[in-house]
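First comes one chain, alone, set out as structure tokens in the form predicted on its own.
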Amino acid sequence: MKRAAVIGGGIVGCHVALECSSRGYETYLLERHARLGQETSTRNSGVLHAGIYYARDSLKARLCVEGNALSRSFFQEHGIEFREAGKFIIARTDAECAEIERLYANAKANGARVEMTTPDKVRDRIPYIHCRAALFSPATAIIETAGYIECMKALLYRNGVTIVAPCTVRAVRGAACDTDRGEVEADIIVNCAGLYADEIANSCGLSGYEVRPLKGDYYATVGIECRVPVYPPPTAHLGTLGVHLTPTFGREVLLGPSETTAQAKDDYQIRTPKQEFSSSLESMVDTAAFSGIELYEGYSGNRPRVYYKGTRCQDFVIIKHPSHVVHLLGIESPGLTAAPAIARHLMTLV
């Protein structure tokens, strides 16, 4: 039996390991933390994206749309909690209204389900939101990520995957992963190491790629009720989706993420001033609602943003080097949504 070694136990790594084992590989999943999914996979907004934002014909666009459908089927089959919330993208200025029109056209080209809506329809669902135009995404959902990870762990064990954790992979040398727990030899190796994927790639002789952690801080509130995520148009010059409102499975509503420079790949300290979140919130809600909202610190996440020779890569980088090793670099948003589609895609490369 051929052997596969998957480096990194986030959602993407878990799906890759599940796919490998389903195709007959003796599969090892090597995770640096004691538990799966402790970094990017669970330190985000917990949103199943529709494929609205990404460049036409990009891997992000194709794998997000495909992953959205695959994820829904996967959740239903395995009883993973998710909520069909939809999402509003709201415009508050002339420039943002023009951006809404551009997003609508882009989403349609990507095959994402999306529709133009009106400020009145937004207020029917969320009375305190004010806007001049809006886009509605019916394919957006909210995911209970902790439960998702626990289900993946159970499925991996059921499929015969050997989870080795904690286990830090220091390098890939030939057909072996050099770890702090000894060598793991494999016929195929898949680098899903997220924030550390560039270090693994470099050990394989794949040079020029650098993962720079980009911190996103979140605040939270219980002062408003919000059943539908509300996003501003993307902050195009920063390449982010901006600070948005996202409901959780409890009473909390998340506000974030911000964008701030990380001190290190393991930097999870909230550094964004509270006022930055307050200002963003004030621009979206009416005065009466804003006056009754108290914000408190939530959590912080790091996005594995990848650069090649100093220039940011706008798309996922999925590359084989050498012939038995596949590297997944820059799997930031929509990686959570695209995970099952990414796993299927990379199997065409091995």
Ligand SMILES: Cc1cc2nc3c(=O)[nH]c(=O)nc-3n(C[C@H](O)[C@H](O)[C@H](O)COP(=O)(O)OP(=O)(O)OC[C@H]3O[C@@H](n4cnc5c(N)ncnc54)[C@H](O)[C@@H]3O)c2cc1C
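Numbering starts at 1 and runs along the sequence shown. Keep in mind that this is a model prediction, so the values were computed, not measured.
The following text describes the form predicted together with the ligand, which does not appear among the structures shown.
Between 277 to 285, 319 to 327, 306 to 314, 25 to 33, the stretch whose residues reach within 4.5 angstroms of the ligand in the model of the complex through a non-hydrogen atom is 25 to 33. By the 4.5 Å heavy atom rule, the three marked residues 108, 136 and 229 all fail to count as contacting the ligand in the model of the complex. Contact check for residue 192: a heavy atom falls within 4.5 Å of the ligand in the model of the complex. Looking at residue 20, you'd find every heavy atom of it more than 4.5 angstroms from the ligand in the model of the complex. Although the partner is absent here, residue 60 is not a contact residue: none of its heavy atoms lies within 4.5 angstroms of the ligand in the model of the complex. For residue 211, no non-hydrogen atom is located within 4.5 Å of the ligand in the model of the complex, even though that partner is not displayed. If you take 314 to 340 and check each residue for a heavy atom within 4.5 Å of the ligand in the model of the complex, you get 331, 332, 333, 334, 335, 336, 337, in sequence order.
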